[in-house]
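One chain follows as structure tokens, the form predicted alone.
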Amino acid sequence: MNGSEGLFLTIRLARPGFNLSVLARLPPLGLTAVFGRSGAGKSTVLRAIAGLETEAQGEIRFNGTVWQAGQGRMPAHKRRIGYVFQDARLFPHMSVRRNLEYGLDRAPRQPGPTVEDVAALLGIGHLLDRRPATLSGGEAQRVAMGRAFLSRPQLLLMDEPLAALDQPRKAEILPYIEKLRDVAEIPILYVSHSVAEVARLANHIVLMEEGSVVLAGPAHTVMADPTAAPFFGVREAGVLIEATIVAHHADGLTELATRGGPLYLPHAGRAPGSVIRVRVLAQDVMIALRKPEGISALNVFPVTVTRIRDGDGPGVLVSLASGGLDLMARITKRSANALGLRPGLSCHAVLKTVAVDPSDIGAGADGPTG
């Protein structure tokens, strides 16, 4: 074992109508999304890791240090965990600055970011003299994130921090979580039941259902696995593509370089050379046996069928590969049969330029995403 081991847990918990049995090893850096429907056990896992779920049995190790083994438990306050909840839980009688300093006051005496550093990172420098009651929901959550980060944790837990926010506030705060993910030299566990959030933020995904882990791995691998579609929902099934911005063209399109060739999208507001991640939904991808001509779609990739998975209804999910680029198409069984689709078949994937929603474009995370 060494300091880069990461988090290992094997947790068991039995309650009337609910059994939790989780075995997982999570990476030592990056953002791991714990995804699942309500009642899957996501928040219970975070509470057990934090030492707040005293009925949980099993073993928890972090970077070689035993936090729990059987009945023996390290006290929660000694685990040096930062925790961000659904509601910000700020101290109402304190200014934003004092709320942030509260986290710093409880940090070990070691070098690290200052209040001003974190305020700049999270875009809350102009709020330092305000009281929590005057903040929007998104602003309050950014302060809560800053307070947790300033406590110098060795692990940051975020339990559905956007669940109580409306869509505009979620869109406002996501870029700041991306920044925190990229500068924090600690692992982050992020609980969510939003596929869009997970696709935008995660380096690694743990997929839970009814108290158990059903799939875990790098985000691009889990998202592209058709067996995950029933858990994400077939309308949310898709892949993550890592791309580099090549140029912004005068007609409003952005040209991206991917492992499978150029990709054109509506203007992506980042500088040329930036690495971004793009979620492409399976329902937005069409398949043609021959390279189509005289069509409006600008994105056409030569691909090979790698896998076909039948759904419960009239649809199938077709996994496609183009060099190092993975795609997925959701089409009808009738179309798949008419095209004679089978693993190994060469064909073409077609994606409309305007099909990708701007909210599905985010900052690239460390490591491959597609």
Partner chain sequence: MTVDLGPLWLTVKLAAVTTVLLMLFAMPFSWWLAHTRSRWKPAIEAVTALPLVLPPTVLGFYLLILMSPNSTLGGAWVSMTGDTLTFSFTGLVIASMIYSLPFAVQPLQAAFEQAGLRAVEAARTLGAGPIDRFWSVALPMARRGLLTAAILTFAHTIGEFGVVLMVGGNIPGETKVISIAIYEHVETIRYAEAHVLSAILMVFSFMVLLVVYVSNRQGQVSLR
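The term rigid core refers to the maximal set of C-alpha atoms that superpose within 1.5 Å between the two forms. Residue numbers count along the first chain shown, from 1. These numbers come from a predicted model, not from an experiment.
Although not depicted, the form predicted together with its partner chain is the subject of the following passage.
Visitor: Using a 4.5 Å heavy atom cut-off, which stretch among 199-207, 186-194, 221-229, 86-94 contacts its partner chain in the model of the complex?
Guide: Only one stretch passes the 4.5 Å heavy-atom test: 86-94.
Visitor: With a 4.5 Å heavy atom cut-off, would you call R147 a contact of its partner chain in the model of the complex?
Guide: Heavy-atom contact with its partner chain at 4.5 Å: present for R147.
Visitor: Is there any non-hydrogen atom of H77 lying within 4.5 Å of its partner chain in the model of the complex?
Guide: Heavy-atom contact with its partner chain at 4.5 Å: present for H77.
Visitor: Whether G315 contacts its partner chain in the model of the complex should be assessed with a 4.5 Å heavy atom distance threshold; does it?
Guide: G315 lies outside the contact set for its partner chain.
Visitor: Taking any heavy atom pair closer than or equal to 4.5 Å as contact, tell me whether T54 reaches its partner chain in the model of the complex.
Guide: Taking the distances in the model of the complex, the answer for T54 is yes, it comes within 4.5 Å of its partner chain.
Visitor: Of the residues R47, R309, R61, K333, which one places a heavy atom within 4.5 Å of its partner chain in the model of the complex?
Guide: Contact residue from the list: R47.
Visitor: Consider the chain as shown here, without its partner, and state which of G260, G103, G138, G211 has a heavy atom within 4.5 Å of its partner chain in the model of the complex.
Guide: Residue within 4.5 Å of the partner: G103.
Visitor: With the partner left out here, if you bring back its partner chain in the model of the complex, are V246, S274 and L320 all within 4.5 Å of it by some heavy atom?
Guide: Verified in the model of the complex; spot residues all out of contact, no.
Visitor: Once you line up the core, how about A133: does its CA shift reach 2 Å between this form and the one not shown?
Guide: After core superposition, the C-alpha of A133 moves 2 Å or more between this form and the one not shown.
Visitor: Once you overlay the rigid core, does the Cα of H77 travel 2 Å or further between this form and the one not shown?
Guide: H77 C-alpha, core-superposed: shift of less than 2 Å.
Visitor: For V278, decide whether the Cα shift between this form and the one not shown is 2 Å or greater, given a superposition on the rigid core.
Guide: Shift at V278: below 2 Å after core fit.
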